[in-house]
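Only one chain is given next, in C-alpha cells, and it is the form predicted alone.
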Amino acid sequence: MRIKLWLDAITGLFARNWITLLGASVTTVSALFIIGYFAVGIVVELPPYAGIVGYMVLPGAFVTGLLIIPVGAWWDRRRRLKAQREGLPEPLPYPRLDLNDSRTRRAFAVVGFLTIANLFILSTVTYRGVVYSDSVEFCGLICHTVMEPQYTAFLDSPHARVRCAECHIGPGAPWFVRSKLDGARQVFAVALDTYPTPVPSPVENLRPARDTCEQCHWPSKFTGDRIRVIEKFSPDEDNTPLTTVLSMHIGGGNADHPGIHSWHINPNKTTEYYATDYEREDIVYVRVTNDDGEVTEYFARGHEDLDPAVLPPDALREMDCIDCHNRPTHVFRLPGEAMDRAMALNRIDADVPYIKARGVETLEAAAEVEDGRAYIAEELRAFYQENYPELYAEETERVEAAIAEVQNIYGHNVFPRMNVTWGTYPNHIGHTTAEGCFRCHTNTHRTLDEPREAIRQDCTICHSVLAWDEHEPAILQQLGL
C-alpha cells in the first residue's frame, strides 16, 4: 500500500504533460545506464571508447532530459493560460501545496530525493568526465588516426608515466578552460576531417615551461658537468661499435656556474628571439637584456637591416626550456639514430652482419612505398637468404628478430596516413639530426656595433670531447664506465 502511494506521488509529478514525462524518462533511463556503466567499470576494465559513452553521451542525455522537464512545465502553463482566455475547461488543475496533506508531502519528498539524486549523479559524472578527458587514453586513443604518431612516441619516452594534461595544460583553471575550448575545436576538426596532416607542433599554444616543466624539474639548480656516452655502430659487416664520450657542461641558473643552463636560463637576464618560420628553426634576431637594462642585439647574416621596432608585439619569443627541449616526450628518430639506439639496447643483435647498414637503407626506402613493414621484411630477408644463406638457415630466429625490430623502428617513426615520415618533427636538442644549437650558434649572428660580437659556435661552451667515435675508448675505463 505504501509503495503504491509513493508511485502515485511520482506519477502525479510527471503526468501533467507528455513533454515533462519524456524529459523525466530520458533522465531516468540515462541515470540507470550511468550507474550501470560505473558498476561494470568497477568489475572489468572497459575500452577507451566506452568512456565517450559513459562520460559524455550518457551525461549529455541526462542533462537534456533535465532541461526538457521545465520546457514541459512552460508548455503546460501556456496551455493553461490559453484555456483560461478561451473559457475552456482548465487542464489538470495544479495540486494544492498544502503540507498538511499526505499526498503533497510525499510529492515534496519525491522532488527532494530526485533533486539530491540528480545533483549527486551529475556532479559525480562531471568530475569523472573531466578526469577522463585529461587521461592519456582519451588524448592518445580516442582520435586514434590523428594522435597515433604522438601517442606511439609518448609510450616510448622518458615521460611515459606523466599524464598529457600535466604538460599540455598544467595547474590552474584559466589554462584548463582554455584547453577545453581548444579541444572542442579539435573535436570538430576530427569530425569534419579538416585537420592538417601532419599535425603541426603546437609551438604557439604551449604554456610557458615555468608553469609546466618546472613543476617537476629545477633548471636553476647547479648540476655541474655530466658524462654522456653515445654509442654508435659502423655500417660495416661487423657493425663495429663506436663510442663518443662527452663531458656536458650543464651548469645552473646563473653565471657563477658556467654551462648550458647558466647562460640560457640565467635569472639575471632575458633572452628573446625572432624566427621567420612557424617551427622556429630560422632564427634571424636575438636580443639579450640584462637586469641592469643593458641590451645586446644579434642579427643573422643577411638580416642586418631588420628593425625590431616594427615587428608585431607577439613576434618576439622569450626563450625557455621548450625552445631547446622541443620534443621531451614525442621523440621521432632518424633511421641511423634509431638503429644505433636499438643495437645499443640489444634489441637488435649487433652480431648479425651488415644489419646497421642494411637496416638504415631499408628504413629510408620503406618510407617511399605503400606498405613499409612488408617491404622491410622482404628486403632484409632476401638479403640474408642470398648473401648469408648458412647464417639464415642456422640462426633464422636471430635474424628474424632483428628484422622485426627494424619493422618496429619504422612503425614508431613513420605514419603514412598522417604524412609523418623521417625528419617531420626535428629535435632541437644538440645538432646532429637537426639544426638545434646551430639555429643561433653559427658565428654569423653578430652585433651591429664594432667590434662585432658573435654568438659563438664553440664546442667547448657546451661540452668537452673526451672520445670521438672510438672503438673501446680508454676513457671509459678511466671513468669506471
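All residue numbers are counted from 1 along the displayed sequence. On a predicted model such as this, the values are computed, not experimentally measured, just so you know.
Another form exists, predicted together with a small molecule; not displayed. Remarks below refer to it.
Q: If contact means a heavy atom within 4.5 Å, which one of 67 to 75, 397 to 405, 359 to 367, 149 to 157 is the stretch that engages the small molecule in the model of the complex?
A: Of the options given, it is 149 to 157.
Q: Under a 4.5 Å heavy atom criterion, is F62 part of the interface with the small molecule in the model of the complex?
A: No, F62 is distant from the partner.
Q: Contact between E470 and the small molecule in the model of the complex at 4.5 Å, heavy atoms?
A: Answer no; every heavy atom of E470 is more than 4.5 Å from the small molecule in the model of the complex.
Q: Any chance R226 has a heavy atom within 4.5 Å of the small molecule in the model of the complex?
A: R226: yes, in contact with the small molecule in the model of the complex.
Q: State yes or no: in the model of the complex, is some non-hydrogen atom of E214 no more than 4.5 angstroms from a non-hydrogen atom of the small molecule?
A: Because a heavy atom of E214 falls inside 4.5 Å of the small molecule in the model of the complex, the answer is yes.
Q: Just to be sure I understand the contacts: of N326, S133, N118, S179, which is the one whose heavy atoms reach within 4.5 angstroms of the small molecule in the model of the complex?
A: By the 4.5 Å criterion, the partner-contacting residue is N326.
Q: Go through L114, I250, L122, L391 and name the one with a heavy atom inside 4.5 Å of the small molecule in the model of the complex.
A: For this set of options, the contacting one is I250.
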